[in-house]
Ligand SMILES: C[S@@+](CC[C@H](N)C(=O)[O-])C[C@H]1O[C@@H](n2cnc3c(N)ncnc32)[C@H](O)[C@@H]1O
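Listed next as structure tokens is one chain, alone, in the form predicted alone.
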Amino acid sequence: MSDKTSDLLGQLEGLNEPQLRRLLVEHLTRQKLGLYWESSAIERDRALNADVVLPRLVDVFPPPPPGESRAARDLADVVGRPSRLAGSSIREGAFAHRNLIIEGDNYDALRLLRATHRGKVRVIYIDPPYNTGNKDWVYNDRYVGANDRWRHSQWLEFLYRRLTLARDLLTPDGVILVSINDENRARLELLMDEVFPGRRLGSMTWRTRQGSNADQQCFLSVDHEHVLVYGNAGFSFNGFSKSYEMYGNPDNDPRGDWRTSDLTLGFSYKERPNLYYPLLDQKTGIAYPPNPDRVWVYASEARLKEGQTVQAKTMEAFIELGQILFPAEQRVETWPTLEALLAAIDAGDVPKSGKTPLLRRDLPNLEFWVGRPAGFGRPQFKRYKADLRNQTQPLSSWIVPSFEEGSYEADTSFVSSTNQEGARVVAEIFGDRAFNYAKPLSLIKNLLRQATRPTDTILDFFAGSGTTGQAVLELNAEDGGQRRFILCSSTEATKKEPDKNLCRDVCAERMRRVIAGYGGKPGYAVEQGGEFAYLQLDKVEAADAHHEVDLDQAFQLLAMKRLGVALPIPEGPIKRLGRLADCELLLCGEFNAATLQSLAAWPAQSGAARLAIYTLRPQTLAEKLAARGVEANCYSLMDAVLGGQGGNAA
């Protein structure tokens, strides 16, 4: 018996009946076609449900004014004060932070966000580890190297657990954009297909560097990466505004600017016989042969069957409207006999579209052209700007590098710099290369410019040096938007580097410097998103949560869930979250006579019509307030804290 078999039997002996059933169901229902990697559904469930993740507010930026603590403002300070959140009033001033930087394992951060931001994130961008084997990612507090036997399975399972959580955060029209190298694109794309079935929208390719002989095989360049795009049904990129330079109105047409366009459709006369007919100009009597390889785009009334209708207007209707432009000057030929026509066909002296002859011996109804003036020009369609249904052009899948700008890109391409820009920007901010492999700011900024709207929430749970946060700030400054960012980054501490803290010392520090302004560049006001709260994660065993959950952490979780912000913790037994419409949101732990008296007076003092109170004993509190003539909706604090984090991630 092999060691691996022995280990497997030992694991099976330790499983209870529900776990064995779970394992059997997984084995019997696993897809036989597609991506497969070593994984355990039981381990997934255990990781998801073993404990509860709670946020702890560690720092805010900008800091509170000198001499004023974060919790200094009480109810009297904020009643009636307008809020940046529609329909809500919260303890804000400089202290209600819409932007979040979360330190910790991003799996835990995503579990927390699934409880607080489910269905609220419209755009996710991530640049996950590429599984290169060059110790580019930490798994279970150690770097995964090229010689690890289970490297690929660990990488796939690592991403699978996080992507399944991230999937629940997206809005109904949300999108996730994932950067990946060429080597691992196929694996990741199959994984994304499994996590986001039916939601693949496409991919984009961008050049990572100007060119190198390194790592090239058979002179096939690998100087490029991909951005995979998976979106929910309602998502679309913003696109590019169409250029109207080709529109004009030389004839003072009262219907406005127009341009000429093609009048044919990409089907042959055999595929669309009803659209293959001579086009006649009634004013001149000149007929125009149809293209046997590209028939007319509009039907003729003469070819319609009795009772048949068409979606667009007929060719005759467009002619009557003046939208079919016949050539003013052209060669016109009349062949007196069929023999003369055939001789012209053999000589190639017939009307053409490009190099395609429009009259050939094998075409039907050649007799029509005997004795009839045939035009050698081509009619065109008069297309009005006012008739355009879509004012934008779709985004190209090719991202042009800045060093090749102007050489070959389409109108719908955007320009991005290479990875050198990412390193340069980090060096400008820190004075040295504090972070390797940062994506260029221009790439992330242009992706978000295309994917976001001005009020969207953007999540990056592999935030690295914080490029996504800086891109959000720059976009807000450009268009006056109110986008908000959530950046999740680990410390990347290991046994060899226990004091390393990438999130604190690089990601958050970068955002501080960017917001304050650096290298002569201006900073960002709070109105432009120039603020954030720095959170750390604590975990409590699920079985012990009722005894160990800290009220301050519960308050922070509720602030994120109900208001979408991080708030300083107010002092006192009654902690006010804020107001939604006419309802005051409060948290109250243990209560006594003084607390009940304060709660009873709260509606009159605040001007609120309703109270919503989270407490450890909701039914008891509701009864005691009712006895004082106060109706309040009281909710279980523990249900609110525990809700949304557990469950089967798959």
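Start at 1 with the first residue shown and count on from there. Because the structure is predicted, anything quoted here is derived from the model rather than measured.
Unshown form predicted in complex with the ligand; subsequent notes refer to it.
Note on the partner interface in the predicted bound form: the residue among 515, 438, 180, 447 having a heavy atom within 4.5 angstroms of the ligand is 438.
Checked against the ligand in the predicted bound form, the residues 128, 292, 530, 481 give one hit for a heavy atom within 4.5 Å, which is 128.
Judged by heavy atoms within 4.5 Å of the ligand in the predicted bound form, the contact stretch among the candidates 280 to 288, 485 to 493, 257 to 265, 164 to 172 is 485 to 493. Taking non-hydrogen atoms only, residue 275 never approaches the ligand to within 4.5 angstroms in the predicted bound form.
Residue contact check for residue 463: one or more of its heavy atoms lie within 4.5 Å of the ligand in the predicted bound form. When the ligand is considered in the predicted bound form, residue 269 lies well away from it, no heavy atom lying within 4.5 Å.
The closest non-hydrogen atom of residue 564 lies beyond 4.5 Å of the ligand in the predicted bound form.
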